[in-house]
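One chain is shown next in structure tokens, namely the form predicted alone.
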């Protein structure tokens, strides 16, 4: 019997670089268009704002280098900037009320009763409205004579109140208008998070005797941290860049009392008596750092809590 000779093994062809790294590279190819758009329309404009803030520029002519002159003017007694800054602080802290309010409504609507979908739709409705529509609705609501608010106050015997015409009340009236759709947004976030709560943990906590606030604080809320994070970030950003409602309801009045940093930036940069792009860019930089501080602090707090839980 003759020995069978096995056929020669053909040499293996070397695989290309992409084939060797296909699993690692393919996700980046899908992300590349989004990264490019984000870089062109977000990252690069941020650095351009920093650069413009060191110049005096009307948007068309030559830029004139002024160094930190715009920032010195901001911090050197600009009354409009002070009013805008403190109004932004009011917006920030009062706007955060949308988060516990949204959580409360979500817990209320997280039931399996008849007609619950209709109730959810009614509570979600404000979020689909534009800020302009919300501003118009609340402007009519606050009217001194014909407004529904004063009609309600008249029923209980209280006198008419001109919310938007009173410098001490106008900012709070606009914030209340902004809380209406923002609460609906937080409610949707928490409803989505409640659907992902582990029912086994709920049952185990019930067997251990947990109920009411203890169940909410120690079992439910820890599982809602992702929703809480998104709610905080979106609410903080929304509070600090508030512009639409102010423009529609008071246009910064009365007597500039409702002006915020984003609206003041618009006035200095693009309004009829503005076109001071360098000064507007300096306001934008200050607003950017305020927003960055609060978001970074919240991220650090979440990281510390997650690290301590491990």
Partner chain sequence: MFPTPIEKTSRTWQLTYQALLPVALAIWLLPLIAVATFSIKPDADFTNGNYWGLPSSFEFFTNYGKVFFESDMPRYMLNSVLITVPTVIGAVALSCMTGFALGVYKFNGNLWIFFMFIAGNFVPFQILMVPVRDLSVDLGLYDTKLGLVLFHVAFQTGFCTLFMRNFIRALPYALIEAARVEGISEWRIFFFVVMPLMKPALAALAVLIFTFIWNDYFWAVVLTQGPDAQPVTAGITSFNSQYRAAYHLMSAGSIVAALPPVAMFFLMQKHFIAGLTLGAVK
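For the two forms, the rigid core is made up of the largest set of C-alpha atoms that agree within 1.5 Å on superposition. Because the structure is predicted, anything quoted here is derived from the model rather than measured. Positions refer to the first chain, counted from 1.
Another form, the form predicted together with its partner chain, is not on view; read the next lines as being about it.
- Listed stretches are 230-238, 153-161, 166-174, 76-84; the contact stretch with its partner chain in the predicted bound form is 230-238, by a heavy atom cutoff of 4.5 Å.
- Taking non-hydrogen atoms only, residue 95 never approaches its partner chain to within 4.5 angstroms in the predicted bound form.
- Contact annotation for residue 284: at least one heavy atom lies within 4.5 Å of its partner chain in the predicted bound form.
- Contact annotation for residue 218: none of its heavy atoms lies within 4.5 Å of its partner chain in the predicted bound form.
- Contact annotation: residue 206 falls within 4.5 Å of its partner chain in the predicted bound form, judged by heavy atom distances.
- Taking a 4.5 Å heavy atom cutoff to its partner chain in the predicted bound form, the contacting residues in 115-139 are 116, 117, 119, 121, 122, 123, 124, 125, 126, 127, 128, 129, 130, 132, 133, 136, 137, 138.
- For residue 257, the Cα coordinates differ by under 2 angstroms between the shown form and the other one after the core has been superposed.
- Core-superposed comparison between the shown form and the other one: the C-alpha position of residue 247 differs by less than 2 Å.
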